[in-house]
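As structure tokens, one chain now follows by itself in the form predicted alone.
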């Protein structure tokens, strides 16, 4: 006799539920069995673009069963030698119950030899997690860099772990320059520096922005960044040093708290591609009424650089501001 399909579905569903219930039975947790060979692992800790003179941070973990031997050395080889300050920690860290990282010394301070950074263990250690800080060298600008982590144990075993390649940005960063009304008011994107009147006169062909603070009852002006060639109404009571006359493209930006410049808890990263795709063709040459955590996109008159100038803080009383700059060479 042919069955009606309506009876088949409930029976099938019941079978599935029994299968699921069987598979969900609680089982006692069993500790995984450790492998009896030297093991290692590595992660990259830092986020965002990799910038020359800044750091890239890693953690390298390694371990071996005590019955098989102990750790004798750890090494990192970079495809491009790190700049001065590159090091591999000679202390292993663990996090205590209060969430605090606690260091435990396991060997001698690391030694750099060209592309290699090595720590030799001096303590009887079978497991460690060492932090590696790579200072991005000028040589890596616009290239990629890779890393090979290696651990060796007393029983003759060697393991390694490769990370990368990682792109290195063409950008430069300058943090926390103080600009003030009528003093240190001239900004050079090329030099990533701030000048007073005398400095601006000596570097006239490099001055891209003028900082000023004004208050009016008829309009809102306050903190401003203006091109030297802007209409004089945006440079009230300013007498420019001789030769300071560049016409910089400027576009205001809001809610763009770049993490590298702002150091806020949350933020986003400006990367090379943002500068490459930036179009300031129709941008004005002034930005007034700037607030803390605002910013401006900039293209220099000679089109050699694009930049993002971030306002870290403002001080109405002192008529000053603190700015940071990310610069990209076109």
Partner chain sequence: MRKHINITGALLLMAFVWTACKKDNPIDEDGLLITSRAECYVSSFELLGTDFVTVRTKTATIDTTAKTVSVTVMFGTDLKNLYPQFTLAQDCKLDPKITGRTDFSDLANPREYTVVSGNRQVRKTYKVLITVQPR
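Residue numbers count along the first chain shown, from 1. Quick caveat: nothing in here was measured; it's all calculated off a predicted structure.
What follows is about the form predicted together with the partner chain, which we do not show.
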| query | finding |
| --- | --- |
| Within 4.5 Å of the partner chain in the predicted bound form, all of 216, 254 and 286 (non-hydrogen atom) | yes |
| Among 112-120, 185-193, 234-242, 83-91, the region lying within 4.5 Å of the partner chain in the predicted bound form by heavy atom distance | 234-242 |
| Among the candidates 259, 221, 161, 166, the residue which, in the predicted bound form, approaches the partner chain to within 4.5 Å (heavy atoms) | 221 |
| Residue among 265, 282, 67, 33 with a heavy atom within 4.5 Å of the partner chain in the predicted bound form | 282 |
